[in-house]
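Below you'll find only one chain, the form predicted alone, shown as structure tokens.
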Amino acid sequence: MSFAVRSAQALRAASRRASRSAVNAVAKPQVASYSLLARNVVAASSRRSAVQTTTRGVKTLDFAGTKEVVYERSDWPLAKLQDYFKNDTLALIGYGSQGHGQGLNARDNGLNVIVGVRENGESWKQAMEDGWVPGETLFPIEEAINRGTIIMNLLSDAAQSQTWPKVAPLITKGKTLYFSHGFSVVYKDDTHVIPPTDVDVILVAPKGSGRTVRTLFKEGRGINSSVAVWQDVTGKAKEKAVALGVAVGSGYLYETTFEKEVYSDLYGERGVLMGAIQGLFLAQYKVLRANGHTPSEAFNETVEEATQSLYPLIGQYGMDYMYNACSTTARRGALDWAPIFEKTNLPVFEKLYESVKNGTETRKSLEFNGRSTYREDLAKELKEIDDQEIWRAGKVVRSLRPDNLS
């Protein structure tokens, strides 16, 4: 079994164990807190929170000179949220990363949630382990859609395209169609996903994996998400989308469009979020090794210092803070070389964005993810990364961190 497969299974198992613990500890969904773990803190500050939620509204904030609307979780106290969806059934289709996180969060928030997946498949078994009950809250996809009023299509992009011919006739007038990615609708010429014209079509896209959506919710924090409307039939599509965003674990939401969400998402994943970082890490590491530096030194100077020291500070305080906080030698070198890296990489990022916008990346994804050998092909590529010296050295370095020592 490959490292990639073992890691994915271990992550799912750990998450399911945590979910089962929460279910065992609390027999009924929590309705007094946005977080199972933070409910005592919220209870202690309930009077103060009540005042805040009655006085705070939607915010218009100045982001570096551009004014944008931001929707906050405090605009939707749980009582208001539960009342708003009291006549709705959220039919969550697919139980992958996002389905897992969003479904459990909405359930813990006291909403009526059911899950629709292929009967007796792997996702069906995982859902059962998380407390979804066949015939009560767990159904085959078609039955779940028929029972639901808000259809949350959280299947993978490739699966959405493949299942759409069967799903589309079930999205009848009066229902709401929900996505967490603009992919299928925006690239309809390739996916053939064309929503009915008589339903609201909305999007809530958490800016992180479904596991992070769940973890931050349980910590009482909440992830940031984007929200968009593709089609507003009822006149309340945006309001509904914002409320659902809070229901599935968002701390705050910002407005976008389906097109901008998918363009920025695909572009970012291939860029500084994952693709570019892997490339830069590997290039720097290889040059250090070629010049006689040991694997431990090359990894520490490339990855460990970045992820454990500098990046957390940049995330908390900003790059301007980091430039002020570093040594004079580091500051001078960073200031001199940053424009060189920018100039060198700008054409690459321009090419990448165009590849996203014109659908090239979409067609590549659909082709690869639609293969019958998809899982085997992916495991092979992930194993190649796992076998790279930089990440083999990293395993040893991580084991030396003080928090890993007994």
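One rule holds for the numbers: they count along the sequence shown, beginning at 1. Quantities reported herein were computed from a predicted structural model and do not represent experimental measurements.
Omitted here: the form predicted in complex with a small molecule. The next part is about that form.
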Q. Thinking of Gly94, Glu122 and Thr163 as the candidate spot, does the small molecule come within 4.5 Å of a heavy atom on all of them in the model of the complex?
A. yes
Would Ile141 count as touching the small molecule in the model of the complex under a 4.5 Å heavy atom rule? yes
- Item | Lys240: touches the small molecule in the model of the complex, heavy atom cutoff 4.5 angstroms | no
Requested in this report: Although the small molecule is absent from this view, report whether Gly271 comes within 4.5 Å of it in the model of the complex, heavy atoms only.
Outcome: no
Contact label in the model of the complex: Gly208 to the small molecule, heavy atom within 4.5 Å
yes
Partner-free chain; cross-checking the small molecule in the model of the complex, the single residue of Ala247, Leu253, Leu154, Val113 with a heavy atom within 4.5 Å is Leu154
Students should find that, of Asn109, Ser226, Thr176, Gln98, the residue having a non-hydrogen atom no more than 4.5 angstroms from the small molecule in the model of the complex is Gln98
Only one of 68-76, 132-140, 322-330, 98-106 has residues with a heavy atom within 4.5 Å of the small molecule in the model of the complex, and that stretch is 98-106
